[in-house]
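A single chain, nothing else alongside it, follows as structure tokens in the form predicted alone.
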Amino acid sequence: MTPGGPPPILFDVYGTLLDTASVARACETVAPGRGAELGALWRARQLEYTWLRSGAGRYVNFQAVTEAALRYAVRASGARVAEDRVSALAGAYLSLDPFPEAAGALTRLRGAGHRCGVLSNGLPEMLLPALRRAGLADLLDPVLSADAVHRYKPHPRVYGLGPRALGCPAGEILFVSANGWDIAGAGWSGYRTFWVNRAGAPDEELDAPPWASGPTLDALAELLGAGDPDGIR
């Protein structure tokens, strides 16, 4: 890792620092009693659309992807939502709840000398307000967006933003995500990875296992704060 000091850390945002399931409250306003179901379908289609568009070279920005996925989820759920309410509902991604340990873990990591930033599919215009509202913005620099390369994770161009911004090879950066596929993508691009495995899922069968994993961001802070026999510090 980084010679002479703690490694910089880049975090995924959606599902890692911010809880995408918290859109359920907004979804309840259009699908009473089914907000969680609608929110989960929305998130699943959002991810699928990023993969399809990135793989096919048919990029549109993350706000457009998010709204398109919501339109599909609304139709599939049978909810009736006027078009002018779709954009308003998509705005729930600007006010996602942070995971309860996020601010504390980031504060501990920064206190230990780690530079903490984010590498996300989100647009800067989506990420910055969401991180500010969650009380995390002042703890994170840089804020890197896939929009800079018009691809989505796990495309290698996206992960390539980290070394350029931080001025060091990917192997000297720790990448943290709660998404197993994102961990694999970062690993393929040379990062050391930590998987926030909140659901206790098995490792993905993608030939890129995480360097380490734990159930929360606190587990990462504890691991790094306790030292690393493999030389991470």
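Start at 1 and count along the sequence shown; that's the residue number. Keep in mind the model is a prediction, meaning the values are calculated, not measured.
If you look for the form predicted in complex with another copy of the chain, you will not find it shown, but the lines that follow are about it.
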Counting only non-hydrogen atoms, choose the one of 104-112, 86-94, 147-155, 129-137 that falls within 4.5 Å of another copy of the chain in the predicted complex. 147-155
I'd like to check something about P32: if you look in the predicted complex, is any of its heavy atoms closer than or equal to 4.5 Å to a heavy atom of another copy of the chain? no
Although another copy of the chain is absent from this view, report whether A68 comes within 4.5 Å of it in the predicted complex, heavy atoms only. yes
Please tell me whether any heavy atom belonging to L52 falls inside 4.5 Å of a heavy atom of another copy of the chain, as the geometry stands in the predicted complex. yes
Can R43 be called a contact residue for another copy of the chain in the predicted complex at 4.5 Å between heavy atoms? no
Even though the chain is shown alone, can you say which residues of 57-80 have a heavy atom within 4.5 Å of another copy of the chain in the predicted complex? R58, A68, R71, Y72, R75, A76
